[in-house]
Structures are given as C-alpha cells and as structure tokens.
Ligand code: ADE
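One chain comes next, on its own, written out as structure tokens in the form predicted on its own.
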C-alpha cells in the first residue's frame, strides 16, 4: 500500500467522480430536484405550498424519519404521467454519468403512487424507458428494486407484488422501506417468499432508527441479501459478528443519517468504525435531494469529518460493486478499474 493511499481522503466531491462505484440504496422519488418538482407541479396542475426553489429547499429540515416522509409523499404528488417518471429517472441517471456511478440499483415505491390513482404500469414504464435510454446512450448499468411500504398492511404488499408480475423480468429485487419504528420486518416474510419465487433478490431497511432486533428479523425471517442502513447493528455484538462473518452488505447513507438525526453529527457516525471492524459497508445517498447531496457529496462529507483514507474510499467502492446484483463477470472489470484508480493516486 502506498503512502498516498494511506493519506486522508479529500473532502472534495470532485475527487470521487473518477472513482468507479455503485449506488445500491437510492429512492428514485427521493432524487426529485426542487426544480423538477415545481415544473411538474405546474405542468400537472398540482398545488404545492412553495413558490420557488428556495422555498422547497428551506423545507429540507427534518426532526426524524417521519417528518421527512411527510414532505417526501407531498413531493411525490407531482409525479402523475409516464413522462414524469421518465424525466425523474433520467435526471438521476445523468447524475450517475457525471459522478462515476457505473452501476445503480434504483428503488421505487409503487404503493405511494397506486394508492393515489397512478397505475403501476405508468410508474414502471417511465422508469424502465429511462433505464433503457441511458444504457443505449452511454452504457449506464442499472437495476430496479420494488420497495414495499411497511406502514401499510401486508395485504397491500401482496397486491403490489401481484401488480408487478407482468414486469417481473425488469425488477431485480424486493425491498422494505418507509417508517421503521413500530413496523418490524417479520410480518412481511410471506411477501418476501413470494418475491423469491419470482426470482427476485431481497433487501430491507433495518437498523436505521429501529433496533438491532429489526436487523435480525430481516436476516432470519426475510432472508435478505443485504441490509439497507444497518447502522444500529453495532449495538449488538453477536449481530456484528454475524454480519462480518457473512459479509452481509450494509448500504449506509451518511448524509441521510445525519439529516434525519439517526446520528447527531457526521463526526459521530460509525461508518468507518464498522469498515475497520471488517463489516461489508458501502456509501449511498438514499434520498439525495432531500438530504444534502448525491453520492460524491456523501463521500466528501465522510472525508471531511471522519478518518477516511484514500484506500478506505477505494474499499468502500469495492464493497459497493461486490454487494451489487451484478454477476461476477460483470463485477471483475469494475474492480480492476478501482485498483487502477487507487494506483493513480500515488
């Protein structure tokens, strides 16, 4: 290992644009920019309590997860047509192009749309058309994760899976998100079993605001392939031992965790502590327009307040690739490019 790779990583988002990496924890509705929100509201005749971009951005102050979700669902109301979902997704995929995100796994919340009368087909058609265009235009690799809203009844989750059946080949995984506290994962075990029968992978939000018991539930009862967030796992030594032994991926979202007060400050975040302990953690942006930045901003924020070396940054990128749903043959060239990136930092 070179001396340069052992030095503190720069707190500059531009530095991380050339680092090949994957984003595995991204809610497409949470990438809606204030500009796009207002434009779609005007186009679709939706009344919002904001007159300008500055008004929207001023609302991005949250006390906890629920206060964010209240605004999140309000912003979602402007998404009504297939074109809206196309524009939303293409905006994010253009970010991937700029930020060196060579592969992304995009989460979407169909129940948040169907319960307000937007057909499932409208949502999926818009998203997948953008995926196809981005792949054709610049080779962008992406996958789709259908998230289930855990605050809604399990029967609603089954309905969502049934609506997704015609599009099963375009969906790579089922996820579990929304309000965590008070909504443990175990009741959704039959839904996840049905998803596995469709050939989907399984992921779940756990251990963000909820206790380590929710992480156990996601692993044991939902049989997940990876955990979204998982930052409270280090409160349980046996759980951490299991996560490290299995190399269970934890898709950590640093700026989100601070903005939602799951951790008090970035300097108190346990990302680097978990990485140094051998946990398979990677950096993601969650709902970037609401939480202060896209993926490179998250890397820079970590470098600003935590002891992250250039080698650590490369390891986080490797973890993101290895934890993705890409095949081994698809992963290997990217991992080699990460090694070359690290060598170039000498």
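Residue numbers count along the first chain shown, from 1. Values in this document were obtained by computation on a predicted structure and should not be read as measured data.
What comes next is about the form predicted in complex with this ligand, which is not displayed.
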**Item:** Heavy atom of each of 69, 178 and 205 within 4.5 Å of this ligand in the predicted complex
**Value:** yes
**Item:** Selected contact from 321, 65, 313, 37, since only one has a non-hydrogen atom within 4.5 angstroms of this ligand in the predicted complex
**Value:** 65
**Message:** Can you work out whether residue 233 and this ligand are in contact in the predicted complex, taking contact to mean some heavy atom pair no more than 4.5 Å apart?
**Reply:** no
**Message:** Using a 4.5 Å heavy atom cut-off, which of 135 to 143, 121 to 129, 96 to 104, 205 to 213 contacts this ligand in the predicted complex?
**Reply:** 205 to 213
**Complete:** Restricting to 311 to 346, the residues within 4.5 Å of this ligand in the predicted complex through any heavy atom are none
